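As structure tokens, one chain now follows by itself in the form predicted alone.
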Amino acid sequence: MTSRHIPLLDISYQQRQTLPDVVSDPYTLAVVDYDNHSVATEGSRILVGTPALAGSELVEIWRTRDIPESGTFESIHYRKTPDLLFGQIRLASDDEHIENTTRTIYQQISQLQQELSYTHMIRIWNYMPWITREDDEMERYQSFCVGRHQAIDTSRGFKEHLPAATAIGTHDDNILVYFIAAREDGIQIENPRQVSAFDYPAQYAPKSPAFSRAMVKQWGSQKHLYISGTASILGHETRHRDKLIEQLDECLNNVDVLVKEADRQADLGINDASGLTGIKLYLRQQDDLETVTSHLRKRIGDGPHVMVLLADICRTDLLLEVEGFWVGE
């Protein structure tokens, strides 16, 4: 038997002591964990270089109905089933040419998608060192956006097929990207409170960030909602500079709107962030942990699993960023 009666794709959090059993389970697609350094492996495990400040007792488990087949393509380690492709790639960061490194990563991912016929990118995570440092008169995140734009297909209508995404800064020496792609597209969700990232004005980068605010994907009988990295931004401008709780509230206001919009378009049956399965909060300053976690629980209750990760945010005036996901029928 190579399949079982579970969803095509399931995402959950489990206690860390179950890790040996999870890694040895042939149906495990990926295990996402957090440490001081990013590591990509040939197996199912991924280590992201954003240390866990809260939720470190948990590991994120991706399981499939079918036993994944593993392979490599250029620098990518991937695992695939008939319905989906999960890949990870880590390259050393060239401090002076992050644009080139990013272009290489995204070109390899695109080539792999085309070769294996998983042409629809659903969700992608990007972790890079020192994301707001200036190299050659441009912040590294801006250079990353340029390199990504050079590599993706920008033919007419491409903005309607962009994945949910996160781009976060680490203190590691490597760029780590992992992603999930499919044979069929999802439903792109935008936030009416914000300018879509792909339409940002040129003041933020020579090329706009190429991602959607959220994505709904049908996996067999289940629906997933993937919420991109979401910050204290209205329109395209940062709000509440240097005000921690106000920024957190604005992040969650944006997440609430995305959940409502996703429910309107895809009938999810949830109304705000409190209905999500899991939330990750990227926090710039470790000393803010207690304040942030206390206020977060007041806003969302005890329903979602929460992880707080130490990381840099793509704008220097942002203190934190939130992403989330939901799994349901």
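One-based numbering along the sequence shown. Quick caveat: nothing in here was measured; it's all calculated off a predicted structure.
Below: the form predicted together with a small molecule, not depicted.
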| item | value |
| --- | --- |
| Contact check for T50, L281 and D288 against the small molecule in the model of the complex, heavy atom at 4.5 Å | no |
| Residue stretch of 242-250, 109-117, 78-86, 210-218 approaching the small molecule in the model of the complex, non-hydrogen atom distance within 4.5 Å | 210-218 |
| G229: touches the small molecule in the model of the complex, heavy atom cutoff 4.5 angstroms | yes |
| R148, heavy atom within 4.5 angstroms of the small molecule in the model of the complex | yes |
| Contact of Y141 with the small molecule in the model of the complex (heavy atom, 4.5 Å) | yes |
| Residue contact check: D312 to the small molecule in the model of the complex, 4.5 Å heavy atom | no |
| Contact assignment for the small molecule in the model of the complex, among N126, T102, T170, N191, heavy atom within 4.5 Å | N126 |
| Selected contact from I98, A181, V177, A165, since only one has a non-hydrogen atom within 4.5 angstroms of the small molecule in the model of the complex | A165 |
